[in-house]
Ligand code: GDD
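Only one chain comes next, encoded as structure tokens, the form predicted on its own.
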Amino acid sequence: MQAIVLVGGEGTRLRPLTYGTPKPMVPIANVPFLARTMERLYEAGIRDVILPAGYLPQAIVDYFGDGSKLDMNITYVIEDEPLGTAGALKNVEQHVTGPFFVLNGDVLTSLDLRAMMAFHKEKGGLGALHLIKVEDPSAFGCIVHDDDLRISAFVEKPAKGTEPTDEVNAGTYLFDRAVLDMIPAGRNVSIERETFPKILAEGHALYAYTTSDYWIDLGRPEHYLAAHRDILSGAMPLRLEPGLTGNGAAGARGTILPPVHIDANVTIAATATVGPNVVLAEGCTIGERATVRGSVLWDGVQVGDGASIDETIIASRARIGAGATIKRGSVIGHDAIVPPGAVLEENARYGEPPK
């Protein structure tokens, strides 16, 4: 069994975080998200992974290499231009030897991949698609199936109130290799809008694998923060116990309001308040009387004395000046400098692309 992880997107909705970091390398509890995905694949017995990459691919290559450090084999295929979800699969066709998983590079889920393999083996057909039930399916691709779980229709982002079902495409697929024969080469192809309807039109079977597993699309800042809240609470199982965790937790000073995850070499002033729902990566510094709530700080972030940070994502090595106020929903880019006393209103985006 192989896996193709779609890692070519630019992560425009996460800017300025993704100006210097490809979306799959955005950290989840201080570990690159793609590394979390690799852990899941390894646990499912998958050792052969193909990465169709396009945006800042060298950062991915530098981190994972050929995969040998993970006891895996990683093949990179660099896209010169975006090819879409199905086009990316066709572009790596020469490396695919049999059945394969497809995972979207921005979906965090607790889906049991081994169980999905067993489902596909039982049902047969060209493939199985992971579905999740949601309260508002209008923002997603709805999938209709019969009592035998054979898929009969795809409805992409239906108008609110017209949704045929509450089961939506959750972005993990398991295909037989024959699916690749149905994708045209050399152009951008959407698997949702073109390939899936073509498979059904030609009479082939796809099956719906609906579960109640944890699932979230990390492509928006508010979802990224929500995922960390769920990880810290234990709602998303990620080997973190609820409470005060991390290599730097034992020596943490200040007022700590769990759940909080603190990595190594973090300095928190005795009069600072951190938490709840905070992740501090390696080398962060929190100044006197500073407060950090509901936020994720990447490595090397410096928070000045008296600064206030609320539900914010701050990228590596950013500096928040003394007395600055960062209001909820804000995103601060790599190496950004927020001046002392500055006030960033809700949902601010602060940081420039690297020159």
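Worth saying up front: this structure is predicted, and the values here are computed from it rather than measured. Start at 1 and count along the sequence shown; that's the residue number.
Not pictured, yet referred to below: the form predicted together with the ligand.
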(message) Suppose contact means a heavy atom within 4.5 Å; in the predicted complex, does that hold for all of Lys23, Asn104 and Gly141 with the ligand?
(response) yes
(request) Just give me the single entry in Thr195, Asn169, Asn277, Thr109 that has a non-hydrogen atom within 4.5 angstroms of the ligand in the predicted complex. (result) Asn169
(message) Quick check on this chain: which one of Asp136, Glu156, Glu222, Glu93 has a heavy atom within 4.5 Å of the ligand in the predicted complex?
(response) Glu156
(message) Taking any heavy atom pair closer than or equal to 4.5 Å as contact, tell me whether Gly333 reaches the ligand in the predicted complex.
(response) no
(message) When the contact criterion is heavy atoms within 4.5 Å, does Ile50 count as touching the ligand in the predicted complex?
(response) no
(message) Please determine whether Glu79 contacts the ligand in the predicted complex, using a 4.5 Å cut-off between heavy atoms.
(response) yes
(request) Determine whether any heavy atom of Gly8 comes within 4.5 Å of a heavy atom of the ligand in the predicted complex, and answer yes or no. (result) yes
(request) Quick one: find which of 158-166, 210-218, 261-269, 179-187 has residues within 4.5 Å of the ligand in the predicted complex by heavy atom distance. (result) 210-218
(message) Only counting heavy atoms and a 4.5 Å limit, does any residue of 75-89 reach the ligand in the predicted complex, and if so which ones?
(response) Glu79, Pro82, Leu83, Gly84, Thr85, Ala88
